[in-house]
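Just the one chain here, the form predicted on its own, laid out as C-alpha cells.
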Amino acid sequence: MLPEPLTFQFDEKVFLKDYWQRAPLLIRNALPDWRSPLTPEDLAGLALEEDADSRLIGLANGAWQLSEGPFTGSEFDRPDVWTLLVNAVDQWVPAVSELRQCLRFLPNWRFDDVMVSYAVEGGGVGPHFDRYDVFLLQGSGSRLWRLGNWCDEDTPRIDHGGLNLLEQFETTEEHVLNPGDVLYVPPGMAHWGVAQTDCLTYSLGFRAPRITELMARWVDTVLERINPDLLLEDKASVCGPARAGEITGAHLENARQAILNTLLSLDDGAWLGQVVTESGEHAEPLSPLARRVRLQEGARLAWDSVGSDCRVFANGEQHLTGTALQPFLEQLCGNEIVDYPALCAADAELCSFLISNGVLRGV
C-alpha cells in the first residue's frame, strides 16, 4: 500500500480567501511527525555536483559575500557566519519531491521548485523580498523570521556582493519556526530569516509568468492566424467634421476596441498552457517494460477542457485528447503513480506525446 501523500494541516479555504497573495500566515505543526529527509551533509554533497544550482552566502564584519557552486568540501570549513542554498532539490531527491504534494489545492503548474538551505547559527541571506509565493518549511533546528513591509521595484536596495538586499528593514512581526512549522510569505513582502541554531529550511516556491511574456505569446499567436489584409474600420468613431490632423478620443477608442476584438475572436487560449509548462526538465527514455509511471521531477504538465476535448500541455508542447483521459492527467499532475499499460490502452497517442516530451518516468 502506498503511503498517504504529505499535506499541510491547515484550512485551505480560509487560506485562499484571506491569505493567498494577500497576507503572511504562520502554520504551526503543519506536518506533524515529519522528519527532514536530508541532513546538512546530504545538502553539502549535492552542492558538490556540477549540475546542481547552489550558492554560498557568508557574512563577516558586516560584509556579505556570495559564491556560486559547485563547491569543494573544504569551502564549508570557514570562520564566518554562512548559509548554503541549493535550488531544485526536488529534482534530485524523491523524498523532497514528495513535498510538492503538500499544496495540491494550488495550481500545480505554478509550482517552481523546492529550494533547501542550511545555515549555521546566526546565518541568513539578509533582508530581501521575492516576486513569488513561498512556503518556508522548517526541516531541522530553529530559525527566526522577521516580516517587514510591502516592497516593489521602487523600494531602495543595496547590492552587497551580488546580493540585492533592502536598504532599510522595519520589523512588523516575527516568528521562530521549529521542525514541521511553515511560514507563508506572499510576493512583495520583506522578510529576513536568521538561524537560531544550525538549521535546514525547505522553501516551496510558486512562480507566476510575467505579464509581458503572456502578452507577447498571446499577440504572436493571433498574428499567426489573422488575415493580413484586415483593415481598421472607422464606423461611428467618425461622427462629424474633424479638425485637420486631429486624432480624437473616439478614434483612439475605436482602434483599441478593434485590436481587443481581434485578439479575443482569434484566441484559442492555448498560449497560457504553453507558457506555463515551458522550461520543464526531461526524463530519461522510458523503458518499454515499464508498468507504472509518474511525473518526472521538474517536468511541467497541465491541461484544460475545450468542449468535448482535453488539451494537454507538456514542457511547452500541446496535444489534443478526449476528456475521458482527464482522471489520468489529474493523477499525473498530482504526482501520483499511474498504471502505464492502462494509460496506453486509453490513448496510445497521448502516451507517445508524454514520452516524447520527457514528462514520464518509470517507478
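Start at 1 and count along the sequence shown; that's the residue number. Since this is a predicted model, take the numbers as computed values, not measurements.
There is also a form predicted together with succinic acid; it is not shown, and the following applies to it.
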Worksheet item: Which of 223-231, 206-214, 257-265, 125-133 has heavy atoms within 4.5 Å of succinic acid in the predicted complex?
Response: 125-133
Fill in: Whether T277, H319 and F353 all lie within 4.5 angstroms of succinic acid in the predicted complex by heavy atom
no
Worksheet, complete the sentence: The listed residue (C151, L166, M115, A270) that reaches within 4.5 Å of succinic acid in the predicted complex by any heavy atom is M115
Worksheet item: Is there a heavy atom of A250 lying 4.5 Å or less from a heavy atom of succinic acid in the predicted complex?
Response: no
Worksheet item: Heavy atoms within 4.5 Å of succinic acid in the predicted complex: does L147 have any?
Response: no
Practice prompt. Report whether the minimum heavy atom distance between L85 and succinic acid in the predicted complex is within 4.5 Å.
Written response: yes
Worksheet item: Can you name the residues of 9-29 that have a heavy atom within 4.5 Å of succinic acid in the predicted complex?
Response: none
